[in-house]
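For reference, the chain that follows is the form predicted alone, supplied as structure tokens.
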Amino acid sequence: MTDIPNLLKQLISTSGLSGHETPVRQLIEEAWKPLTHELTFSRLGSLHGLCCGAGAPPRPSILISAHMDAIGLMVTGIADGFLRLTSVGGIDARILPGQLVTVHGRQDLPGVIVSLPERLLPPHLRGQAIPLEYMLVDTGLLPERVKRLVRVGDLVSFAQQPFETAAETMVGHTMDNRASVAALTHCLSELKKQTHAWDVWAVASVQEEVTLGGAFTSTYQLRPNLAIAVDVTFASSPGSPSHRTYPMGEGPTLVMGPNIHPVLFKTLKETAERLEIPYSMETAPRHTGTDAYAMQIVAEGIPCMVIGIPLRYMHTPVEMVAIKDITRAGRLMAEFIAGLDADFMSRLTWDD
């Protein structure tokens, strides 16, 4: 049984911004060693875990991708010991002032994101959200020491400590998408208890937040018969649009749309209903903005599905998820895989 709260705290407390995922990849590698038969890496740095099926070779395979990279910041300049910034991935600048961060220079340095007092800002910015170019990181060090320890191009990550609430939710940065890595890990743990005919590729992909590069390259390299992307989605809260958000703590979402193969959607929906796993239906009328978009269009095309974990306050340092949604997503994927038979692909026709 996966200790999801403890694993999740470790995952979100470990650095791994897009293009620089090695620290968190090492942690995931250790978690997956006892759950897989083989661990390898792609040329871009994605982690591939193989769970061999029990069917007669050559066996079909399914790939499940959860991206391990995170959004963050990068140093673009140093002025009198203060650090100028740009974003890595999608950052909402409104939430940055006052945030605690870690500057990954020649050594890790604690810092805080600051801006000028409002009365010292240019008149057109007063009373407005402050753009990122008017923000700085202050490490409290003298300028000469900052010059020795920090370079342009160094990364800056959020330093908010994770915590659990009384409602069995977890709060912290980088839940997008370490929550899905935890769900995939739980899936692998559940598969250890079951017999499955298909080979399973678990992929912790890189660079989803910036290029989808990990999903493109790993899918091309591994050439699965089917693929599932597990990612976060917008959870509902007061004032959020009901048609674009989904209840937190009431199960994962099953996505439907042109990025999704209708037979995979139908089969996963039926699996959830048979197991009495609650779920919500999520619509994506274009591509989903997840690894599934990349996986679907690799080579001759891979039939894809997306499972979403509802998350509040996306792309902030206080993202919130329900632990039970993570466990339900992991169990649903494991039960779906266990139900795949040798003839499943012969029934997989695009019939909408």
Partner chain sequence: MKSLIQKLVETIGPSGYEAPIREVIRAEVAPYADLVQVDALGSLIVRKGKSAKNGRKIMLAAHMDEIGVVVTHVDENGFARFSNLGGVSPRTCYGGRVRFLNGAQGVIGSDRMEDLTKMPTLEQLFIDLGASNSKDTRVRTGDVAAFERPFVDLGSRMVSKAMDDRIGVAILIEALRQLKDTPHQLFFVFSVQEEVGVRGATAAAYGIDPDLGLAVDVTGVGDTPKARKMDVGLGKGPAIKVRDGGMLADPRVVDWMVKAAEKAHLPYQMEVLEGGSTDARAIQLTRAGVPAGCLSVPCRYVHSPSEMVDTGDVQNSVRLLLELLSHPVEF
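All values reported here derive from a predicted model rather than from experimental measurement. Numbering follows the first chain given and starts at 1.
One more form of this protein should be noted, the form predicted in complex with the partner chain, which is absent from this view; the next part is about it.
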Problem set entry | Candidate spot 20, 87 and 207, all three touching the partner chain in the predicted complex (heavy atom, 4.5 Å) | yes
Seminar exercise, completed: Answer key, the partner chain contact in the predicted complex at 4.5 Å (heavy atoms) among 128, 240, 76, 195: the residue is 76
Seminar exercise, completed: the partner chain in the predicted complex has a heavy atom of only one listed residue within 4.5 Å, and of 217, 185, 99, 259 that residue is 217
Exercise. Any of the heavy atoms of residue 151 lying within 4.5 Å of the partner chain in the predicted complex?
Worked result: yes
Problem set entry | Partner proximity in the predicted complex: residue 160 to the partner chain, non-hydrogen atom cutoff 4.5 Å | no
For this session: Consider residue 213 of the chain shown here, and say whether it contacts the partner chain in the predicted complex, taking contact as heavy atoms within 4.5 Å.
Result: yes
Exercise. Do residue 189 and the partner chain share at least one heavy atom pair within 4.5 Å in the predicted complex?
Worked result: no
Exercise. Quick one: which of 76-84, 172-180, 246-254, 275-283 gets within 4.5 Å of the partner chain in the predicted complex, going by heavy atoms?
Worked result: 76-84
